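What follows is one chain in structure tokens, specifically the form predicted alone.
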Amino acid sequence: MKRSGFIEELHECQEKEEKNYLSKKNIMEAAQHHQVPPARAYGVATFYTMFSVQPRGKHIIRICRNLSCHLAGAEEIVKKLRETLGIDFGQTTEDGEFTLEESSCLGMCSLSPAMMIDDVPYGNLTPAKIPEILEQIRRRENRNE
């Protein structure tokens, strides 16, 4: 069984997918390439929180929900994200820009409350910072079009 590089290939497949997810076709092709049984391949794709088998937005917002972030005010950040985006966890904005996900830990306890948007970390968050962060991402996206 050729497992080396399997997870890396899943990451590459997900990054290339317009809707930021692993399709069944992606999973099965990677499984075949790495000689991984289909059930195990699907198990890997659904076990790790960095993978999704459901279509998502262009930008993935992961908010940390561990104790450190919770005590530092993460629930207020969650409330502001829900209010600003008009979505809840596991949902995508109507324009397809953002998907909101929760994470048990982002490894940024000294900067709590924290979130990541795509691979960019944001720490020492306050509810007032959320609209500006989201607007920066939208402006950056518009410049790249």
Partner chain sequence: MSEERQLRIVLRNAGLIDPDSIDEYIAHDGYSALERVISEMSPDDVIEEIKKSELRGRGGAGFPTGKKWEFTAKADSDQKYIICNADEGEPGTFKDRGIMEGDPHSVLEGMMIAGYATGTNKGYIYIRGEYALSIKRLQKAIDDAREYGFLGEHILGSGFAFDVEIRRGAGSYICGEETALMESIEGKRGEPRKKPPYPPTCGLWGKPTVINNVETLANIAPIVINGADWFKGIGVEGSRGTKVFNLMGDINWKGVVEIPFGTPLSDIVMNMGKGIRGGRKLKAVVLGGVSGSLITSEELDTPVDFNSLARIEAGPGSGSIVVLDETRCIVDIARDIAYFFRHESCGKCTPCRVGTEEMYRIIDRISKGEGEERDINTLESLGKSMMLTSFCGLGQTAPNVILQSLRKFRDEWLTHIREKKCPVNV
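Computed from a prediction, not measured in an experiment: that's the story for all the values here. Numbering follows the first chain given and starts at 1.
A second form of this protein, the form predicted in complex with its partner chain, is not displayed here; the remarks below concern that form.
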{"query": "71, 116 and 119 all contacting its partner chain in the predicted complex, non-hydrogen atom within 4.5 Å", "finding": "yes"}
{"query": "Region of this chain that lies against its partner chain in the predicted complex, out of 35-43, 90-98, 22-30, 53-61 [heavy atom, 4.5 Å]", "finding": "35-43"}
{"query": "Close approach of residue 108 to its partner chain in the predicted complex, 4.5 Å, heavy atom", "finding": "yes"}
{"query": "Interface membership of residue 65, its partner chain in the predicted complex, 4.5 Å heavy atom rule", "finding": "yes"}
{"query": "4.5 Å heavy atom contact, residue 132 to its partner chain in the predicted complex", "finding": "no"}
{"query": "Contact test in the predicted complex: residue 141 vs its partner chain, heavy atoms, 4.5 Å", "finding": "no"}
